[in-house]
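Two versions of one and the same chain are coming, encoded as structure tokens; call them structure 1 and structure 2.
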Structure 1
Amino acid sequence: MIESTKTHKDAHNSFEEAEPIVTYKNVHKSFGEVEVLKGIDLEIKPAEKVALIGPSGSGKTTIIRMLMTLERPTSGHIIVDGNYLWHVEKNGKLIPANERHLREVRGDIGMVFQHFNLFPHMTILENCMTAPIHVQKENKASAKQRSIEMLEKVGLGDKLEAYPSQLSGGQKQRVAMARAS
């Protein structure tokens, strides 16, 4: 998921029928006394591209962070590909999910952070290959191959062995995109 300030929503008829991949149902989020999100309802269909726009501090990042399980909604439900993200169904009741469930549902979601959050102790290439190797258990050679292709696609083929501190902001952003996909 990429944060963007561009307004752009693909309106295409075929989206109408498809089951949503992400659904927010009456999601509230408060930080202490302050309610930042006051009942968000949102449906995103597969292959749909959605841009969230709003003034600074209005809660765009918070909406995405909840999808990435970095922030827990105060109330409401988020459904990813038919599964509750923050809850599990047990005997017809919804109970809070444990870490294992979160890991399972979170599996295919990627995120580019506002500050990129690259790993400073790893090279650009290592930043991209570490999750495929250690989380998805892909073999090293193919993960490396794919990461190199991805980085070449975003124009960083000559920076594979560089460290994040040696990159410009835009270059970091492109690494973050390659890492998230």
Structure 2
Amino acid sequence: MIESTKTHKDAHNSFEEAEPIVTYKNVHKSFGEVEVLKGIDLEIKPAEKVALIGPSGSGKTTIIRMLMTLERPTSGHIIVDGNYLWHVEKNGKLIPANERHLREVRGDIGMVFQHFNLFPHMTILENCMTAPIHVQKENKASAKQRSIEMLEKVGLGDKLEAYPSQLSGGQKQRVAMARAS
């Protein structure tokens, strides 16, 4: 058995001192005349678990869609791992990011949707390999190895050749988590 030599207090202090992996700074989002987000400030540190709760229409999905680069904030900044998400620095000023920058940042962000959207005609291994090969231009052997590792990590190493229709809802969710990793 391996045990940490740090006390709970030490671990708590180092967590508090960690740089945030995601930061929202005064983020606003409007849809037409309706302002959905009004100056959101949020920091998420590495390994921190965050739940967004609130009534329908309160902006939970919009917050996540902006992080996933599916919605552009009206104003404010989102910083991921020390890099501006929607902006780039040029001559000491922040300017709107181009599509190339957004594509690069998207490669480091994963999301599991409420509906898993697995391709029914592909095995779960193929489902996990598709994005790295076609979007990130990863070679097939590397994508396969990484996908196998992720599927094993979520307890599905024995189901690599199974199709989504052969899996339970929980197993499909774990495939989606492996695919997002």
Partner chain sequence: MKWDVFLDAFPIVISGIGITLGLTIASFLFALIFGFFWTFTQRIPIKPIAWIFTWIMEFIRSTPPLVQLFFIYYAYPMVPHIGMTLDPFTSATLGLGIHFSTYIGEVYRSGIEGVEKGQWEASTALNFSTRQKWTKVILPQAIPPTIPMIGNYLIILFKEVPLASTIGVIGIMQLAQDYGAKSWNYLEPLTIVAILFLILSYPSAILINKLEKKMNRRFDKKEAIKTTHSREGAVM
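Here the structure is a predicted model, which means the values were calculated and not measured. Basically, rigid core = biggest C-alpha set you can superpose within 1.5 Å across the two forms. FYI, numbering is relative to structure 1, first residue = 1.
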{"query": "Pair member that is the form predicted on its own", "finding": "2"}
{"query": "Residue shift check between structure 1 and structure 2, rigid core fit, residue 160 Cα at least 2 Å", "finding": "yes"}
{"query": "CA of residue 27, rigid core aligned, shift of 2 Å or more between structure 1 and structure 2", "finding": "no"}
{"query": "For residue 170, CA displacement between structure 1 and structure 2 after the core is overlaid, in Å", "finding": "4.8"}
